[in-house]
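The form predicted on its own is given below as one chain in structure tokens.
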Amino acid sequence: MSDLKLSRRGLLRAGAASGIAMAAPMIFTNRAYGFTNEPGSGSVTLGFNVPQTGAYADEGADELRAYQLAVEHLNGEGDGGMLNTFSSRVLDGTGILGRRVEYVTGDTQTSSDAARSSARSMIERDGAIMITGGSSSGVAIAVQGLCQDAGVIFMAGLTHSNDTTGKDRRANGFRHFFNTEMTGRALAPILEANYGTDRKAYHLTADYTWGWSQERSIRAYTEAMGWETTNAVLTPVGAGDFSSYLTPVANSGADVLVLNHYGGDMVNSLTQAVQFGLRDLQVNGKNFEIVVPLFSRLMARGAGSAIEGIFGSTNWHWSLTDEGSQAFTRSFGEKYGFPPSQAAQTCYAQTLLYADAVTRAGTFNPCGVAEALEGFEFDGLGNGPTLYRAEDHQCFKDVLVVKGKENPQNEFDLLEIVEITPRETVTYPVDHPDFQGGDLGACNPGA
């Protein structure tokens, strides 16, 4: 067992034995000699912080649906979903440690300041003991830091930047979603097989931590296989109209456009790129291609026929045939009338993983919860056998490479899985250079 884990166990035991309060702003504490927002015997409150407005609002809406479904299942309502397939069998539909699960919500607005404000309100005003959600790495990193200071667990929603479990990782934060390094490892071999090694790429990149990380990873892997990067241009989140960024592409000498965009921005930039006729071009004796490194079903729906034949990666897809994926897809579909997105699956899984860790630890104390999550191996939540690595709190599991279907059967049948990249292929060492500079530090229980 690592010295780090021993030190955290020591902190937990010392705090319980001596009543010494761990370092945290006093505004977050609500009872002496305990931990932040220690619940009573009747119920426990979780905080669901999602983008309800802004460029990523579609993702946020699906996240909130999944969170509400997870609460129903934890409280013994509905068909139980992935409680029935989860390899850990400690959740039995009686809430969490006998407390009924309640929840409050906030709107991140895809803004770090707004997300921190709503998370702070849920902790201070509503007594939330765990915060989860978000569809932006900038938001996730900001809220993760707040939760570390507050002494509550943060179970990240959609956050794909390497920095979340790299230079900005925190002991109280955990990420189930994959990252840009994993996308690069999974996607590059497919791009090489389909487009060759002699390509010139033009990147349009969302100007925040995720976009920078995504561009950096894709460039690293495509340049290693022989591609040349001709230009890389930053674009603001929520730009809406990408015409001025797309106009120079046709005369740049590039024969591939890489759209490091997500949510509504990807829908707009991809749709406009196709309308501009980029996919009809012949450049350098090759068909011009577009790549979207991070895909989702919701984005595919928004872009419509523009996504046909375009490659990307995704964390999960409703067409997976494993028992857990199908149980969740069936449960979600029966409640809402359509299949879930990767956003929904990620947030549902994070809620169950938190509840399971509390139950296995026998405490809501965040240091006990953190210890239960560190090094935890599980199955039955989709994506096959999964590890929550102790050293950086990153989940490692299979990653999907997908492309837009050319002949979809319905409005939800938009992506086809072309490769399930095994967990061992996307696993990188703890000392990978793109994840350096961060320190988990010690778990903070708050009060």
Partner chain sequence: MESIILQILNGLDKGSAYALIALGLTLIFGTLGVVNFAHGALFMLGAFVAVTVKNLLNLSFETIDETRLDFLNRPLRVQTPYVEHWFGPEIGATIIDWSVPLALIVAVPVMALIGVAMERGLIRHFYKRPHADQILVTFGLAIVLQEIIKANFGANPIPTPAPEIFIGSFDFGVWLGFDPYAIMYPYWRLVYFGFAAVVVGAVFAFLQFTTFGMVVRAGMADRETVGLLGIDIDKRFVIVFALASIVAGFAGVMYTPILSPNYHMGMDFLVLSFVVVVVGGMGSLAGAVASGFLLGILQSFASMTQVIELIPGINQVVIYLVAVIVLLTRPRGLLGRKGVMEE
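Keep in mind it's a predicted model, so treat the numbers as computed, not measured. Residue numbers count along the first chain shown, from 1.
Below, we turn to the form predicted together with its partner chain, even though it does not appear here.
A residue is said to contact a partner when one of its heavy atoms sits within 4.5 Å of a partner heavy atom; Trp318 meets this definition for its partner chain in the predicted complex.
Although the partner is absent here, Ala57 lies within 4.5 Å of its partner chain in the predicted complex, judged by heavy atoms.
Shown alone here, Gly302 lies within 4.5 Å of its partner chain in the predicted complex, counting heavy atoms only.
Interface membership of Lys200, defined by any non-hydrogen atom within 4.5 Å of its partner chain in the predicted complex, is ruled out. Not one of Gln68, Glu192 and Phe396 places a heavy atom within 4.5 Å of its partner chain in the predicted complex. Residues within 4.5 angstroms of its partner chain in the predicted complex, judged by any non-hydrogen atom, belong to 57-65 and to none of the other stretches in 397-405, 57-65, 38-46, 375-383.
Contact with its partner chain in the predicted complex, defined as a heavy atom within 4.5 Å, holds for exactly one of Lys167, Arg216, Arg330, Arg116, namely Arg330.
Between its partner chain and the residues Val233, Met225, Leu97, Val101, the one pair within 4.5 Å by heavy atoms in the predicted complex involves Val233.
Heavy atoms closer than or equal to 4.5 Å to its partner chain in the predicted complex belong, across 267-283, to the residues Asn268, Gln272, Gln275, Phe276, Gly277, Asp280, Leu281, Gln282, ordered by sequence position.
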